[in-house]
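So this first bit is one chain, no partners, the form predicted alone, shown in structure tokens.
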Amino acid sequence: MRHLGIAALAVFILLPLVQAILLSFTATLPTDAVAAGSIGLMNYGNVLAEPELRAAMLNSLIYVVLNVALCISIGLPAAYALARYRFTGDRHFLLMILAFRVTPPVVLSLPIFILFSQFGLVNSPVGIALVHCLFNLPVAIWILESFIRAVPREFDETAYLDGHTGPSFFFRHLIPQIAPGIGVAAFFCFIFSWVEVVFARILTVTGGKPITMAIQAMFSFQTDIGMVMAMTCLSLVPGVAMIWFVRNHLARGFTLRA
């Protein structure tokens, strides 16, 4: 009975994905060269032939990679300070940044748009990366802090007694030691940034649109569903690749957190 329930749940979860993949290979709008219902790679060819759709994929990759890099590079020293040093309000500070993360993005959309427009960051992947970093950085700090706290303080002291400087200790000892935590933090920052739509819509008025906005713009009075599904399937590729590259770190990271 349990296996039947698991199978039913798997079908429920995977059925929309399977349908999307099948539609991505199906011509849903007839043309002079292709009849409706034809099977092939024409939808993917049409997507890659559109300059705006290619630009949207590139924009998404740029701001997601930049966001992950900023969150890890800033979050790592911040998490180390919270894990190793004691100061007044340190626990409250960690709680405060986590509370900021659960703030609805739409609440800050107007002030962020006004501020970014003054600095010329509207319609730019850099602007989206910075605002995503604002919301993802608390998650990265929280995850990395728990992994650093699990490393004994003697590990730091031994490295410094061996003559390592701060940067040498970080890159040669601490980062390899907490690699699973970095993998988990990078994964969550990537996913949160890749699927976010509120700031992507607000900060890309005339240009720099990411893949989420490009998919939404494809819906019209006569929507080519096959082409939309092809674009959707292409949007899944970076996420699947990210999971593949950090799969070992993710497995070890979730095990260590448990």
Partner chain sequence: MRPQDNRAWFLVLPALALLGLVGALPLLAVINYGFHDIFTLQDVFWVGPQWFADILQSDRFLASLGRSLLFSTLALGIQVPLGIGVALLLLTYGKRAVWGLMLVALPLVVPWNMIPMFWLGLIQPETGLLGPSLAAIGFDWKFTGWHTWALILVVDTWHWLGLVVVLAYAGLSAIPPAYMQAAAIDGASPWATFRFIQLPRIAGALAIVFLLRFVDSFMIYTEAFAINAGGPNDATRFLTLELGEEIKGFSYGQAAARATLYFLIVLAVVWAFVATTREREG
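Numbering follows the first chain given and starts at 1. Everything numeric here is computed off the predicted structure, so don't read it as measured data.
The same protein has a further form, the form predicted together with its partner chain, not shown here; the description that follows concerns it.
Which listed residue (Ala159, Ala186, Leu82, Ile148) meets the criterion of a heavy atom within 4.5 Å of its partner chain in the predicted bound form?
Checking each option against its partner chain in the predicted bound form, the one that comes within 4.5 Å is Leu82.
Quick one: is Thr26 in contact with its partner chain in the predicted bound form, heavy atoms, 4.5 Å cut-off?
So Thr26 does not count as contacting its partner chain.
4.5 Å heavy atom contact, Leu115 and its partner chain in the predicted bound form
Answer yes; at least one heavy atom of Leu115 falls within 4.5 Å of its partner chain in the predicted bound form.
Would you check, heavy atoms only and a 4.5 Å threshold, whether Ala78 touches its partner chain in the predicted bound form?
Because a heavy atom of Ala78 falls inside 4.5 Å of its partner chain in the predicted bound form, the answer is yes.
Please determine whether Tyr44 contacts its partner chain in the predicted bound form, using a 4.5 Å cut-off between heavy atoms.
Tyr44: no contact with its partner chain in the predicted bound form.
Give, in sequence order, every residue of 103 to 127 that has a heavy atom within 4.5 Å of its partner chain in the predicted bound form, or say none if there are no such residues.
Stretch hits, in order: Thr103, Pro104, Val106, Val107, Leu108, Ser109, Leu110, Pro111, Ile112, Ile114, Leu115, Phe116, Phe119.
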